[in-house]
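Only one chain is given next, in structure tokens, and it is the form predicted alone.
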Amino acid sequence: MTVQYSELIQPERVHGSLYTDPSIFAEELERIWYRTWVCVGHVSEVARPGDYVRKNVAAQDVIMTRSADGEVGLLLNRCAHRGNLVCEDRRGNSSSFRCPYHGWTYRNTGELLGYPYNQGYGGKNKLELGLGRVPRVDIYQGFVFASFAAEGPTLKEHLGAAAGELDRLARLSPEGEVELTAGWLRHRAKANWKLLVENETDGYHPQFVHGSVFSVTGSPIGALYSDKSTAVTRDLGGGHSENDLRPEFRRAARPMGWFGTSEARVPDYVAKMRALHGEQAEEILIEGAPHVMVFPNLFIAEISVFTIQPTAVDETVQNVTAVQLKGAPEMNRRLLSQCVGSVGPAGMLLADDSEMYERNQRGMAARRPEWLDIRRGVGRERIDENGFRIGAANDETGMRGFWAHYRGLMEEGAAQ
């Protein structure tokens, strides 16, 4: 039966089956995850020639490599002979991969180097086989993106206004580069991937879900999403959205206040930034890092970077690591510490969110009501000076933007 997405996705509500129906999940893999641009990782994870690290695009096991000439590539982890995994380790350094089943060996750019007992194939160099490659790979501010579609929008077109948020993150480095070298944690949640994406720029939940954490730690984060906040939620188009907290940070006008600290605690970092940027440094140090969800799977939460990997209609893996800023060791120690404290194995914020994701998924097993409401703030949205739709800090403007883009992709895929 053909799914009519126009009936399931309406301007102010979405149907619960979108989170629970295995056939819809299967269509999402084909029409979104294996067609649009998906963030895989970061070039800093394969810094040297021969470096490799295993990644995933939904169910696809992918090896991110750096070749001898420095090019970053994405290979599918599947032997061309009998389909065995050719790479077992999560990361390492090697110029080749050898299948453990029958010894077929491939260069780290995918070419078949050799196969044992080659007379069975008529001799050496007789097979025109190799590892599968992701058709399109592109990089922006060091973030590596993959698209399984041979043709389609460029990465720059896909990112649109979200590219500016990646620029904001990079400019916090005294050398203008982000590094993701602190290692990744993997959190598995029994919940549909869209529940996680919706939550990332949902400013309505922090005061309730994280209220106990804010109370114990004295964190000012909750106030950023209150009804009195001047922060906004912005639909950046293309399914991307952000919680723009800069209006609150500008009002406080306190360098490093976005990070919950003061310039006196990170003097070397602040001095480097002022030396590099001059008068503009004050704006950068006050406004801080973005809180942006890049469709469909890259989430930057100021100090942490997440990639979202759907593994089943009701299961998702979140990969998370600390933002590290090149040339800022003083800041990096604090970024790592705060990241682990909030979203690490014993972190408080991610544990709160994961509990909500799984409760949502279990709740949707109930037959009534069938719909999820996303109307919050629809009557007070407005268009900002750059033409983007914005709502209050705790409105569901970002969710509505996500669903509009999702519907377009799913209907477009059905028409092809």
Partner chain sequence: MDQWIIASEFAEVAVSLDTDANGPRLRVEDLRGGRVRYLDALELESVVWLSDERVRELLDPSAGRWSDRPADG
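Please read these numbers as outputs of a predicted model, since none were measured by experiment. Numbering follows the first chain given and starts at 1.
Separately, the form predicted together with the partner chain exists; it is not shown, and the next lines address it.
Q: Does the partner chain come within 4.5 Å of any heavy atom of Ile139 in the model of the complex?
A: The answer is no: Ile139 has no heavy atom within 4.5 Å of the partner chain.
Q: In the model of the complex, does Tyr52 come within 4.5 Å of the partner chain, counting heavy atoms only?
A: Yes - in the model of the complex, heavy atoms of Tyr52 and the partner chain come within 4.5 Å of each other.
Q: Is there a non-hydrogen atom of Val216 within 4.5 angstroms of a non-hydrogen atom of the partner chain in the model of the complex?
A: Looking in the model of the complex, residue contacts with the partner chain do not include Val216, since no heavy atom lies within 4.5 Å.
Q: If we define contact as a non-hydrogen atom of the residue within 4.5 angstroms of the partner, is Lys124 a contact of the partner chain in the model of the complex?
A: Taking the distances in the model of the complex, the answer for Lys124 is yes, it comes within 4.5 Å of the partner chain.
Q: Using a 4.5 Å cut on heavy atoms, which of Ser262, Ser94, Gln280, Thr154 is close to the partner chain in the model of the complex?
A: The option sitting close enough to the partner is Ser94.
Q: Using a 4.5 Å heavy atom cut-off, which residue among Val178, Ile308, Val86, Met331 comes into contact with the partner chain in the model of the complex?
A: Looking at Val178, Ile308, Val86, Met331 one by one, just Val86 meets the 4.5 Å heavy-atom criterion.
Q: Given the stretches 110 to 118, 181 to 189, 249 to 257, 309 to 317, which is the single one in contact with the partner chain in the model of the complex, using a heavy atom cutoff of 4.5 Å?
A: This holds for exactly one stretch, 110 to 118.
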